[in-house]
Each structure stands twice: as structure tokens, then as C-alpha cells.
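Next up: just one chain, as C-alpha cells, the form predicted on its own.
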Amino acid sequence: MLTFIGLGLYDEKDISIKGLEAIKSADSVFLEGYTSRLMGAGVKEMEEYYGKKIHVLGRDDVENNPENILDAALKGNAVFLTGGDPMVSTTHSDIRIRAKERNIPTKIIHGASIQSAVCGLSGLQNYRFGKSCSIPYPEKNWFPTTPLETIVNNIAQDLHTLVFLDIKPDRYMTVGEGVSLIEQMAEKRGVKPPEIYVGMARAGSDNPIVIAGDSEKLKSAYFKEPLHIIAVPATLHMMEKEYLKNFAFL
């Protein structure tokens, strides 16, 4: 059996009771630590709270060499832990398909997702979001502008955009960095950048920060510790605008 378990948004206590019970009864526990991370808890705190030894997986372990996970699930009861909700990443879907091909039974225990948390923090209505995008750190001779295309296309349809920010082993993209990169993409493409952004930090914690405004405001704002995320609104509904004024320092 292979069980995919979402850990929620911020720390080890965000997990559901159902998820915690599944971990405690597991023979093997794997943690995928590169698409998202619980910034309020390290592996040690998670092991103490869950009562299990955790095997931390890197990108290569999950995308190219998932055999250890599948072998453990074939021999016993294995769980695969992810921040947020398990099936947001296509990589996790691939592992479930591979398990099916080996006749390994699977199930999913969902966790709180940043995609719904953003709506609660910002007041932007869930049904008005279009396609999401991710902004990676540029590298030498590589500066993708496809995230801007997604934002522009959504705005043309009067849809909001959720913008995920890059996570590296040694750094986490900030709201200010993300906004600056969007502006650089717009300049490179010769189009007008968005007029308003909503930056959010540490969803699920006791002290999340939500700030809305133009690019200069967002680039100069101090969002403190990661993880950060950006929403680019289209036309604001009256209720959305009122919510932002009350809860986002608009």
C-alpha cells in the first residue's frame, strides 16, 4: 500500500488526524522536500511528532529513481508525505501511476492547499482564478517569460493569477524578487506590467503577512521569512477590494 498524505501549510501540526494515524501505522515514511516545505518544522520536529523515522527525498529520488518508494510499498505499508495537498505536483501523479502499473494499491489523504489558503488570506474569489504559473530563478543565458504570458492571458479574460515562487536548496524567492522578475519579463516582451499585486507570506502560521499594492510597494515591503507567494488580480470585485482594504494593507 502506498498512501499519499498532504501535510498542510506550515508546521507538523497542520496534518489531519487521518493522516497522522496513517503515518503512525506505516512501515516506511518518505518525505518529498523540494516542491514545497513546512517552514515551521524541520525533519526532527516532524519525526518527534509523528513518531516515525522519515526518509527525505530529493528531486532525483522522486522524478528519476522512485523505485525505493515503490519497493517499500510493495513489501509493506508506505506513506509519501508532501507539503500542502499531495496531487498538486504532476510528479506525484506519476508515482501513483507507476504504483498502479505494479499492482500496488494507493490512496490519498488530502491536506490544506496554498491554492485555497490564498483565497482566504487575500479575499480573491476562488472561481475567478485562471491558470497558475511558477517563476524560476533565471540562470545564465536563460530567462523564461512564459509566466508573464500566463498572467497577461488571464487578465485578458478578467481572471486572477496565482504565481508560485522558486524554491532552491539554499534560498527561497521573495515577493519582491518575484515582482521584479515579472517587470523584467514585461520589459523584455514590450508589454505593460500588472498594475497591482498581492503578496503573501507564511500561510498557515499564526502570523501570515498579506500586502497588496503596486510594484514599488511590494518590492519595498518586508514580508519576513518564507514561504512567499504572489497573486496578480484582474479587475477587483467590490467585495474583493473591501476585503483587501481590511486585511491586506491595500
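Residue positions are given as counts along the sequence shown, with the first one as 1. Just so you know, these numbers come straight off a predicted model, no measurement behind them.
The protein also exists as the form predicted in complex with a further copy of the same chain; that form is not presented, and the subsequent description refers to it.
Chemist: Tell me which stretch of 72-80, 138-146, 111-119, 173-181 has a heavy atom within 4.5 angstroms of a further copy of the same chain in the predicted bound form.
Modeler: Going by heavy atoms within 4.5 Å, the stretch is 111-119.
Chemist: Among 93, 130 and 242, does every residue place a heavy atom within 4.5 Å of a further copy of the same chain in the predicted bound form?
Modeler: Yes: each residue has a heavy atom within 4.5 Å of the partner.
Chemist: If you check in the predicted bound form, is residue 20 within 4.5 Å of a further copy of the same chain, heavy atoms only?
Modeler: Close contact exists here: in the predicted bound form, residue 20 approaches a further copy of the same chain to within 4.5 Å, heavy atoms only.
Chemist: Report yes if any heavy atom of residue 227 sits within 4.5 Å of a heavy atom of a further copy of the same chain in the predicted bound form; otherwise report no.
Modeler: Flag for residue 227 set to no.
Chemist: Quick check on residue 88: any heavy atom within 4.5 Å of a further copy of the same chain in the predicted bound form?
Modeler: Output for residue 88 is yes: heavy atoms within 4.5 Å of a further copy of the same chain.
Chemist: Since only the chain is shown here, I'm wondering whether residue 206 would be in contact with a further copy of the same chain in the predicted bound form (any heavy atom pair within 4.5 Å).
Modeler: Yes - in the predicted bound form, heavy atoms of residue 206 and a further copy of the same chain come within 4.5 Å of each other.
Chemist: Scan 25-41 and write down, in order along the chain, each residue with a heavy atom lying within 4.5 Å of a further copy of the same chain in the predicted bound form.
Modeler: Residues within 4.5 Å: none.
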